[in-house]
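We begin with a single chain expressed as structure tokens, specifically the form predicted alone.
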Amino acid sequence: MSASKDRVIELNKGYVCPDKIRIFNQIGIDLVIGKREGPYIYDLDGKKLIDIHINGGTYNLGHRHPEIIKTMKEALEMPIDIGNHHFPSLLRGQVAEMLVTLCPGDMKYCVFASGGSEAVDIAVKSARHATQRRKIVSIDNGYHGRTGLSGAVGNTKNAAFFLSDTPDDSVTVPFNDVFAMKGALSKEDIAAVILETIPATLGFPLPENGYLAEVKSICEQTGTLFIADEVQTGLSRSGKIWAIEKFGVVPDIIVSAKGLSGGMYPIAAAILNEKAGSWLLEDGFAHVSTFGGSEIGCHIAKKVLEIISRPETLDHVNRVSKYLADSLEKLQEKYSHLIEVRQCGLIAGLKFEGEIGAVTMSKALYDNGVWAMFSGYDLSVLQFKPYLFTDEVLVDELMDKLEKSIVQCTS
């Protein structure tokens, strides 16, 4: 990349995302990503940052993981391209089999998409067809994407902005409120409950003991399907392949995206049990996606699934997660500004004092060489998501930079 930083900002401010640039500039962040490698990104001006935002889990394996780069080069040498979604594909079949096998319970089918929002759309459509009901229950300020159906569940502010919300078909309840969930499902007219296992944009609040299991039980009693949105929490970030497994719950549908791409080629999927996928036997043309399950993407996704399911990968995540938890606990004991640590594996939300405490922390960390994003629906919570191969040395470096940033924000 030879363009100057000012020129890149000028182009994007003029043609791509002017208001987003304005917002980050108000915070004091003018990041333009150039080189990237492993846990690091580099601003075009040369500034080196540890990336613990990882774009919501897209860089689960880090930036430009060597095995993924090698696999992509292999794909480009193969006599394949995106492929044709109408016809059978060996690569699509292999990845679908791997995903179904790696899921808990009795999953049956895999429908591919090009991104998480599209995969959520597929999940919602599948649940509606299977139950012949329209309504979807999600949590207050949940986030499941920004396309038509995905944007109309959870926090619908942005859907309403485009006049695309569907208030008659969407119901929201507070997270961790079993009583409210029972009430919402009591009329037995709900097609599905969709939940992020640990809601990312809400600041990663952890499910209370028994909450997810109780929701699944209510779903079973009322003929409602359970959709686990694992776009940000899946693919071994929790120490299990799917975070929902940590809570002993078997969903009817699992949605995966972001990290499935290896950070190199877009691919996403909705994994369905037999009931949810019944439409595939009735009308094979009911849903089509030109780029969903592209053959190059599938070749990469195969390698991703192989890497994240290795016993040594899961052992590493669980070991480093414990080290991270101990390190964060020590920091919390030392500084009252860090109010709460919400952690499950390498999924963490750090709650700070003040309504925008995480925004000021994000800026301080940026100044100190760390890129961490604040939670969109709770600006007091910082998303703290190191990549899977984080080691104790990197954790120590992150703790040093986090402590320095806390001191700056409280002095």
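Please read all numbers here as calculations on a predicted model, not as lab measurements. One rule holds for the numbers: they count along the sequence shown, beginning at 1.
In what follows, reference is made to the form predicted together with a small molecule, a form of this protein that is not presented.
Peer 1: Is Asp229 part of the interface with the small molecule in the model of the complex - any heavy atom within 4.5 Å?
Peer 2: The answer is yes: Asp229 has a heavy atom within 4.5 Å of the small molecule.
Peer 1: Would Ile271 sit within 4.5 Å of the small molecule in the model of the complex, counting heavy atoms only?
Peer 2: Flag for Ile271 set to no.
Peer 1: Would Phe112 count as a contact of the small molecule in the model of the complex, using a 4.5 angstroms cut-off between non-hydrogen atoms?
Peer 2: No, Phe112 stays farther than 4.5 Å from the small molecule in the model of the complex.
Peer 1: Can His144 be called a contact residue for the small molecule in the model of the complex at 4.5 Å between heavy atoms?
Peer 2: Contact with the small molecule, yes.
Peer 1: Is the small molecule in the model of the complex close enough to Ser336, Glu403 and Ile406 that every residue in that trio has a heavy atom within 4.5 angstroms of it?
Peer 2: Checked in the model of the complex: no contact with the small molecule for any of the three.
Peer 1: Which of these residues, Thr172, Ser117, Thr222, Asn158, gets a heavy atom within 4.5 Å of the small molecule in the model of the complex?
Peer 2: By the 4.5 Å heavy-atom cutoff, the listed residue in contact is Ser117.
Peer 1: In terms of non-hydrogen atoms within 4.5 angstroms, which of the given stretches 158 to 166, 211 to 219, 231 to 239, 309 to 317 touches the small molecule in the model of the complex?
Peer 2: This holds for exactly one stretch, 231 to 239.
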